[in-house]
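Below, in structure tokens: the form predicted alone, a single chain.
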Amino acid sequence: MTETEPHTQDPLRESQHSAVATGAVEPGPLDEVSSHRTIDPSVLYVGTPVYLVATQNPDGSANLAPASSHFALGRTIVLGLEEGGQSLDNLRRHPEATVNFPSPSQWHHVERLAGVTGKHPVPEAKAETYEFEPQKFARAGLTPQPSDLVTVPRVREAPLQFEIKVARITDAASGEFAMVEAAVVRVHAVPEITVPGTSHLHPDHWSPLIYAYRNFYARGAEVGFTRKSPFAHTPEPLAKWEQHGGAWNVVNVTDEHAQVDLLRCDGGEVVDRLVLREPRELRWAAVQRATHP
């Protein structure tokens, strides 16, 4: 998925066809050592959150396009947008935008933008399968919402919204797309996906719309978390043991339970053993084993 629609526009798909899919190359055999196959997929979207990027058209109206190529580091977000698309044209002229993340239940709003473009006239390469649509918000059944720090509107229905200002646009070596580096200047989130009294998104309540190999998915159940997670809380009995100067050691973890030795303050003698069974406590114990094997 790139700047316009999820099924037919991505840099790889436009530039190459899978040799396997066309029958030119037979799928590779299973590797006897790794049990992997050598394949040649037509797209490499292994699964990333969908976003709707809103930009400003030359007449001051808003363009809206779905995409999924992006990553973020710190307060910078990098978007991958196709050359020749209206979004990239708009950003080169007016370097502000909003990046709006829909929920899984809103996938049909994203799909309504498939097959339409904000370019007029429609580029020759898209003329047979696309039509010009100047009212992208209306076409998607979504509502523009004023932003605080940029002139481009947000998507009111999207539970997570970024306001961004473009710092640099770098052309890709292939010439088929560009990488847009932007500063995220403001973040908006509905209260339901945040932790009250903090600026954290609650990982149990925030589930983006995932795009993987031209299919839409919701995020699956949590299977673990990193040691730096603000939600990696030490189970209460162990936290109390720590408060009294004791130490502990996770002995083993299975799918059903985890065994934790309670140690004296010097970390030596085992005083007691605690068995954890609650699912999140088991995931916590698995993190400890992973970081302190």
Ligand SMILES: Cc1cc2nc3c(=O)[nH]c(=O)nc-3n(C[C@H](O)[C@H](O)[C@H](O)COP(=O)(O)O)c2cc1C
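Keep in mind it's a predicted model, so treat the numbers as computed, not measured. From 1 onward, residues are counted along the sequence shown.
Although not depicted, the form predicted together with this ligand is the subject of the following passage.
**Q.** Proximity of P153 to this ligand in the predicted bound form, heavy atoms at 4.5 Å
**A.** No.
Q.
Taking this ligand as it sits in the predicted bound form, is H188 near enough to touch it, meaning that at least one heavy atom pair lies within 4.5 angstroms?
A. Taking the distances in the predicted bound form, the answer for H188 is no, it never comes within 4.5 Å of this ligand.
Q. Even though this ligand is not shown here, does Y211 get within 4.5 Å of it in the predicted bound form, heavy atoms only?
A. Contact check for Y211: yes, within 4.5 Å of this ligand in the predicted bound form.
Q. For A65, is any heavy atom within 4.5 Å of this ligand in the predicted bound form, or not?
A. Yes.
**Q.** Partner-proximal stretch of 108-116, 196-204, 140-148, 158-166 relative to this ligand in the predicted bound form, 4.5 angstroms, heavy atom
**A.** It is 108-116 that comes within 4.5 Å of the partner.
Q. Quick one: which residues from 54-88 get a non-hydrogen atom within 4.5 Å of this ligand in the predicted bound form?
A. Read in sequence order, the residues that approach this ligand (within 4.5 Å, in the predicted bound form) are N63, A65, P66, A67, S68, S69, G80, L81, E82, G85, Q86, S87.
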